[in-house]
Structures are given as structure tokens and as C-alpha cells.
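Heads up, the chain below is alone and in the form predicted on its own; it's given as C-alpha cells.
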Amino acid sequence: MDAIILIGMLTKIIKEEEIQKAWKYIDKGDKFVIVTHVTPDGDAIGSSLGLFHFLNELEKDNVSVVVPNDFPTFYKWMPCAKDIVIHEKYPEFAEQLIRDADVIFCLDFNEPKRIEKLASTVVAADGRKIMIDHHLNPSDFCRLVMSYPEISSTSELVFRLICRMGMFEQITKEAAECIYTGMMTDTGAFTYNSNHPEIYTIITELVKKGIDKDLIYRRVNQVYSEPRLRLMGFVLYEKMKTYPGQHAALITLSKEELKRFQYVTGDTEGFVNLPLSIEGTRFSVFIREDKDYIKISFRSVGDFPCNKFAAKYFNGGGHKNASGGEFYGSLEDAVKTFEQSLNEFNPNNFEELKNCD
């Protein structure tokens, strides 16, 4: 499809002045670093590598992707994933890349705390910072902020940015694979936050670039280790608790339980969605004990705003039907807080939910 025709088909969501400023930074930039959030998911890696390939196609020879910690193996098939610099493994090298960069892209996070130990280095860096993100309430630490919470994924925003700069032809098959992966994973394989028809216009154009979307789905969702499958069985049989009166469900896992199943990064991804298969369940929560805190994932269907639940009780946020949070304390206390909160913020009370702030 001609780039001009494609641009005309897509709503011009990103402001024109933001497009122009982004292109100015890219055009004049020499050393680029792309940073994304801690515990990178499919959208974080997909948007970062999608932009990485695009910049390489522009013959920008000094482009690096830096992540705070490792990411799941089922994303490591993506083109050039092996070149991602993991700060947790190579802290001095990663921080020097950021200090030396004249353009720093901050992708898929809205505030410095989301990159944890990288935050001070990124904030202090002299390079021009560009935020591309779709989470609410962006912090003021970037020179250019492209924040659009109504968009399904940061990967979609990267695609829209490239097209608005008139460079659709510079999206390679490799970039398209990464962008599609981010869009697919951040919508639960297009099962939530994915009703806008333009998403499928974009998918059509990515398929025309030569991607095999069926193979991508299999690589991400159907190729797991034996310990991961056994952990899933354990979760469903022993660790899932339902709350029929509130149409909710809870999964918990301790560090000891994770160790028992030889847990590696990414093994629990998607577990929070499992209880939503139970008829009548509208709200699912997964509480996992991490090294320094309790990590919490929220998913909902329909009108229940799990992002407001996450913000009110667990210092979190995100999207209406997919959010995250954190808790500092014991796993037992996190569960108690959840159960008390569930009584107060009841998924049954739709009038309360429609009017809550």
C-alpha cells in the first residue's frame, strides 16, 4: 500500500508538532538508546526492537536497546533480540550507552520508577529524551512526550509514528514481526483493548510485509518448557481460589513454589488470564512473590476497571482491563489486603464502579 494512502486511512492521533520534533531528533541523532520497563513484556520488547530495526533501516549505525532485567525466552526469537543489553548483567556498559546517547527513547513506561535501577542514569543523561507510551499520567522527565492511553499498545504507536513520518516503506519484515508481537501480546491476542477497527488495518499492512502471524502466535503462546506446563497445572489445581459472590479469582505463588518448578523469567506470563475462562468470572488477580516485593497482575472483562482497583489498593495502574501493581510486605498480607479490598471494591456493584474515581 502506498504510504500516503495508508496515512489517510489511519486517524491522525499523534499531534503533528510531536511528529515533526521526533523526526528532527531522529534526523540529527547519531547515538541512539532505546530503554523500556523492568520485567519487559511483549509490547516492551516488540516496540523497542521494532523501532531499533526502523532506525537501522535509516542507516543509523549506533542504536542500542537497553532493558533493566532479563525477558522471557519466548520473546528471544525476535530479530536482534540477542543484541539487547541487559542492565542487570552488564550495568556499567548499559549505563555508559545511556550517558553517551544523544537521543534516548523511553518506550512503554510513563515514569522513571518503572525502569528501577536505570532511572537515575536515564534522568541525568544529557541526550534528548522521547517518551512513546500508552499508560496514564506520564511524568515530566522527557523533552518530547507522546502519550496516548487510548492506543492499544506502544507497538501500535511506533507503527503510527513511522507512518506519520512518511516512512512506511522503511518498515522491514523484521520490524513488522516485532511490532505485531507487541500488539498481539498487549491485547491478549486481540481479546481485550482491541475493538478499534484501525488495529486490523495495521495488522493487514504488517502481514503484507511478509510476517507469519500464525507462527508468531505459536512462538509466543504455544512453545513452553516442561516445568512451565507443570507449574501451570499446579496453579490451576492447588493455587487458584475463586470468589463466586464477587465474580473474582485469585492465584498466588511464593518464591519457594516458583523454585520448586525451576522458575525462569516469563514462566508465569499469562497465568492471570486463566481464571477468566471460568464462566461468570469478571476479575482475576495474580499475586507473585518476587525478590524485594510482591508483584501483582490484574485482568478483568466488561465494565470492571481493574486499573482503578490496582491504583487504589496496590500502588499500580494501567488499562481498564489489564493492569499491574506492587505490595511491600509478606505474601500473606498481600492476600489479606486483596480480600479486604475486594469486599469494598466489589465487581458486583456496577453503579459504584461506573462512578468511582
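Please read these numbers as outputs of a predicted model, since none were measured by experiment. Numbers follow the displayed sequence, beginning with 1.
If you look for the form predicted together with a small molecule, you will not find it shown, but the lines that follow are about it.
- Mapping the unseen interface onto this chain, K312 falls outside it, with no heavy atom inside 4.5 Å of the small molecule in the predicted bound form.
- Of the heavy atoms in H135, some are within 4.5 Å of the small molecule in the predicted bound form.
- Although the partner is absent here, E111 sits close enough that one of its heavy atoms falls within 4.5 Å of the small molecule in the predicted bound form.
- For G324, a non-hydrogen atom is located within 4.5 Å of the small molecule in the predicted bound form, even though that partner is not displayed.
- This chain is displayed without the small molecule, yet in the predicted bound form the stretch 290-298 from 65-73, 290-298, 50-58, 25-33 comes within 4.5 Å of it by heavy atoms.
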